[in-house]
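What follows is one chain in structure tokens, specifically the form predicted alone.
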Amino acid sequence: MTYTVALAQVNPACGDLEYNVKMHVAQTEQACEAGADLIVFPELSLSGYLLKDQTLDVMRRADCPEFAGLRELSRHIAICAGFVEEGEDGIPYNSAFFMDAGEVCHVHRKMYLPTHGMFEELKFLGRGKELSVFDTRFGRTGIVICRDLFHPLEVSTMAALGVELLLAPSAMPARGFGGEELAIEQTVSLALGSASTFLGMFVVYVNRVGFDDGLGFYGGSALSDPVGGITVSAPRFEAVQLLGTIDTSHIARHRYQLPIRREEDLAIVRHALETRRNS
């Protein structure tokens, strides 16, 4: 199967839900016209990132009236976008929904919320407790949000559960200036390469651009292919929509050439965990 994914490297307006919804509709319509089957937006793309005391003002459920236009558009193109989710417990979560065929098919809550240095996510948002692994028309799919991608145990577990398409919306600030590449770009490249090269997954990494209250985001969105490496690479600091092609036959080819998935033995991991727990 071959399909087209749109990487929507956008600049959301912090706290302006109405503006951001309109921007998502316009981006999704553009992707539809270009023939894309799936569009992926950055982390918290419908709300902005550095919300602080605005968090509750933009908190919504994925099936809220404000997102009705996106649900309708998902009859023509699958959509993954980030938002502040109103949990059933009333807690706001840093989440991403996956819409297709006019419905909300899945919602992922960010598991690892950085709260150190410039980051304060746990001060305002709840923490997700479950891996996102679900079946779509594109095959078994997973979602990780920004810092989640840097946790290899979780990503490798998703691969062991059969994930072939990993969606990675992000709001990664620019930091580590001084070389040809930002230091954070090198870290992201390593994470993408590991997921594709060793775990045999396509990874759609979509980072935002722009500023929230002085905090700048660098973009650099990318599509990582288990056979071809980085096949789509977005520029730094520029709002842009790029298209990439995913050929799922690359997964079988990769698994034949580097059969790590076939070699994997979860019983070894389970035994180690149980032994540690009982010691």
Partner chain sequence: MTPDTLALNNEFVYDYLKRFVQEELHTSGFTEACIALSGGLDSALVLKLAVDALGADHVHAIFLPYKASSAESKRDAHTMFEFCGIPWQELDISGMADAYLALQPGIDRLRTGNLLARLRMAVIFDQSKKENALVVGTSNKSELLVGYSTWYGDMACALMPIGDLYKTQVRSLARHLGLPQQVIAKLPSADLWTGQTDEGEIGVSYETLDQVLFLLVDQRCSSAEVNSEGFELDLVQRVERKILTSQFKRVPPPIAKLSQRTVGIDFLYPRDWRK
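Positions refer to the first chain, counted from 1. Being a predicted model, the structure only gives us computed values, none of them experimental.
Omitted here: the form predicted together with the partner chain. The next part is about that form.
Although the partner chain is omitted here, in the model of the complex all of L50, L182 and G214 have a heavy atom within 4.5 Å of it. Screening A174, A191, L131, V104 for any heavy atom within 4.5 Å of the partner chain in the model of the complex leaves a single hit, A174. Taking a 4.5 Å heavy atom cutoff to the partner chain in the model of the complex, the contact residue among F124, F150, F138, Y112 is F124. Between 242-250, 225-233, 31-39, 53-61, the stretch whose residues reach within 4.5 angstroms of the partner chain in the model of the complex through a non-hydrogen atom is 53-61. Put simply, C14 is close to the partner chain in the model of the complex: some heavy atom of it is within 4.5 Å.
In the model of the complex, the partner chain sits beyond 4.5 Å of every heavy atom of G69. Contacts with the partner chain in the model of the complex, taken as any heavy atom within 4.5 Å, map within 224-253 to R236, F237, E238.
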